[in-house]
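First comes one chain, alone, set out as C-alpha cells in the form predicted alone.
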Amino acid sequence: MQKRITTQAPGRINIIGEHTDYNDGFVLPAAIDLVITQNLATNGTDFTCNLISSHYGDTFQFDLRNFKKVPSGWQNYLMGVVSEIQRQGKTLKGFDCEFGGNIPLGGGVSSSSALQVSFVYALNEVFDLNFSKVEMAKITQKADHNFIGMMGGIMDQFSILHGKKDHVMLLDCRSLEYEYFPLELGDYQVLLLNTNVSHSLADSAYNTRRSECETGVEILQKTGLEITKLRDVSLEQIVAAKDILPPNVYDRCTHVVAEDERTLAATKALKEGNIKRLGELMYASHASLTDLYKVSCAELDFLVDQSKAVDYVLGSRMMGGGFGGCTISIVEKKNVSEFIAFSANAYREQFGKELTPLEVRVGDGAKVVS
C-alpha cells in the first residue's frame, strides 16, 4: 500500500555567530516563515526514486542500489541524505518526491539545508526510520561532508529542526545544548536585504576557512595548550601566539574567538532588552568577517556601510557563509519602507542591479503538514 507524507522545513536567520559552528562555538539562529515543502510517497518499486522540483522546474531519477554525485545541482543534496541513511544501515524503497517553496536560492537563509531537512523528515516518517531531530540534523550535516564535500557546521540543520516561533536559540555547537530567548526588539524589527549575488559554498573558500582554523589549533597545541577546537582558546592566547601563526591563520582564529564572545554578549543584550548594544555587536561582527575572515564581498559591504548613514538602523551585517547572499539588519519599524527604498536606490546606482528585501518573521521548525 502506498504511503504518503507532506513535510515542510523553514529557512533560517542567524542574528550573530558566523563561522563559529564548525569550531564548536556559539551561534544565535532562528527559523523563519519561508519554507520548503516536500510531498513524498512510496511508488511500489524496490529501488527507483523520482525527484521532481517545482522549485527548479526539473526532474531526476536514480536507483537506490547505484547512484553517485552529479557535477552540480540540487540532486546532490537529496542523494547525499539517502547515502547517509544507507550508511547507517537503514533500508529505503522506491519513492516519488516533489518539492517547492519560497526560500530564495543562494540568499544565505539556508535553502539547501531546508531542502535536506524537509526531505529527511519525510523519509523518516514514510519509512519509519525512528530518527530523532538531533539524529536528523547530524545526518544532513554528514551528507554535506561525505557526499557533497562541503565541511559545514551543524547550525543550519539544527536550528531548522528546532526552531520556535518568535524565539532565537543560543546553540552550543559542541554539546548541542540550546536555550530559547524571545526575540523582543520593541520598535525595531529584523530586515534582510538580498544582494542577489549567488554564492556556492562548496565552490568557495568555505572549506579553506575551516582548514585554516584547524591549522591554528594544531599550531596552538604545539605550544602546550590542551585544546581540540578554537572554542577552547582565549583571545589572549591567540595574541600570545601571533609570532608563530601565519598571518591569515592568526586573522581567522582571532575572528572566531572574538565572534564567540560577541555571540554571548549579544544574548546578554537580548536578555536585558539592550537592542542598541545588539546592533553594535552586529556591526563589529561584519567588520571582523570582512577584515579578518575575508568572506564578505563588495555588495554586502556596501549595504552595511549604507545602513550606517541613517539613524534608524541599529546594526547590520552579512549573514551566512558569505561571498554573497543577504545582510541582516535591525531597523526601526516605522522606517522600514524608507530604508528599503534608500538602500535599493543606492545599490542600483552602485552596481546596476536590484536587491530584494525580505521582511521575515521568526517561525517554528520543521514539521509534518499532512
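All residue numbers are counted from 1 along the displayed sequence. Quick caveat, the model's predicted, so the values are computed rather than measured.
As for the form predicted together with ligand GLA, it is not shown, yet the points below apply to it.
Please tell me which of Gly279, Gly153, Gly107, Gly101 lies within 4.5 Å of ligand GLA in the predicted complex, judged by heavy atoms. In short, Gly153.
Thinking of ligand GLA in the predicted complex, which stretch from 313-321, 336-344, 37-45, 59-67 has heavy atoms inside 4.5 Å of it? That would be 313-321.
Is there a non-hydrogen atom of Tyr206 within 4.5 angstroms of a non-hydrogen atom of ligand GLA in the predicted complex? Looking in the predicted complex, residue contacts with ligand GLA include Tyr206, since a heavy atom lies within 4.5 Å.
Who in 17-44 is close to ligand GLA in the predicted complex, meaning a heavy atom within 4.5 Å? Sequence-ordered list: Gly17, Glu18, His19, Asp21, Tyr22.
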